[in-house]
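Quick heads-up: it's one chain on its own, the form predicted alone, in C-alpha cells.
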C-alpha cells in the first residue's frame, strides 16, 4: 500500500483552487499529457525504442473520440475506449513493418508516419479538414457535472489505474522480457525472448495510452485541428519523459508539469519559454540523467561510485 501513498497529495491539489477554473484546467491538461507521456515511456524506457511519431496516435485518439461524440452522439465512455482501441490497431499496423528497424531508422520511420497522419487528417471532410472539429462537449456522468474539478479527478483516476497496471506488468514475465530486450536484444533472444513480439506489444500499448490521452484532450479543449498534432508534440512527449525521469509515473508527471504548466506561469512575462525549456533539457541531460525526479535523491549525486 505504501507505493500508492504518493497519489494522496494529487487528490488534494484542486481544493485550494476551486474558485479558479482556469488553473484547474491546467492541472487537467498536465494529467492528460502525463498519460500520453507514459505511453512514450513504455516504448522508450521499457522496450528501448525511440519514436518521434506518437503525436499521430494522440491525433487518432482525439479525432476518433470527437467524431463519435459530435457526429454520431456516442456516449463519451464508449468513444474513449474506442479511441484507445483504434489507436492500438493503428499502432500494430504501423509497428509490424516499422519495428523491423531500430534506433535512428525507427525514429525516421515514426517521424514520417506522424507527419503523414497530420496531413491525412487535413484532407477528409469528416475530420473537418484543416479547420478541425469545434464544440466538442465535455463529458458528464450521472450526478457529476462537466467541470474542471470533475475532469481532473477522472484524469487522475485513469493515471492511477495505469500506474497499477504497469506496476504489475513490470514484475511479470512480460515486463522482465521487455527490460532484458531493452538492455541487450541479442542476450534476450539467446534466452528465448521473441523480440519482435514484445516490441510490437510495447508499440501497441504506447499507441493505446496515447490514443486515450488524445480522447481526453479533445473533450477538455473542445476544439481540435491538425496543427495541434505536429512533430513538436512528439518531441515534447519524449522530452517530458527525459526531463521528469524515465521509468516512473511520478517522473513523467513532473515532466508534463514542466512542459505544460511552466508556459502558463511565465505567460505574463516577456520570456522565451522555448529557450528556458531547451536550456533546462541540456542541463538535466548533463547533471540529472535520471530527470528532475533525481532531485528528491540529491545526495546520490555526491556519492562516490565504487564501480
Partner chain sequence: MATDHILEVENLTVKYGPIEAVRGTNFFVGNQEVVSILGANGAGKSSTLKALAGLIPHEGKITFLSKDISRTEPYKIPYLGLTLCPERRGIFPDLSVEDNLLLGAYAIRKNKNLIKENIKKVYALFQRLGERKRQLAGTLSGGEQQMLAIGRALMNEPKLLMLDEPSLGLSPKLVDFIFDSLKTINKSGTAILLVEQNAMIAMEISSRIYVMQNGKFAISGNTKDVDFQTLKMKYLGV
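Numbering follows the first chain given and starts at 1. All values reported here derive from a predicted model rather than from experimental measurement.
Unshown form predicted together with its partner chain; subsequent notes refer to it.
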As a check of understanding, the residue in 221, 188, 82, 169 with any heavy atom within 4.5 Å of its partner chain in the predicted complex should be identified as 188
The one option of 176, 164, 126, 89 with any heavy atom within 4.5 Å of its partner chain in the predicted complex is 176
Of the candidate stretches 74 to 82, 153 to 161, 193 to 201, 221 to 229, the one with residues having heavy atoms within 4.5 Å of its partner chain in the predicted complex is 193 to 201
Decide whether residue 180 counts as a contact residue for its partner chain in the predicted complex under a heavy atom distance cut-off of 4.5 Å.
yes
Partner proximity in the predicted complex: residue 184 to its partner chain, non-hydrogen atom cutoff 4.5 Å: yes
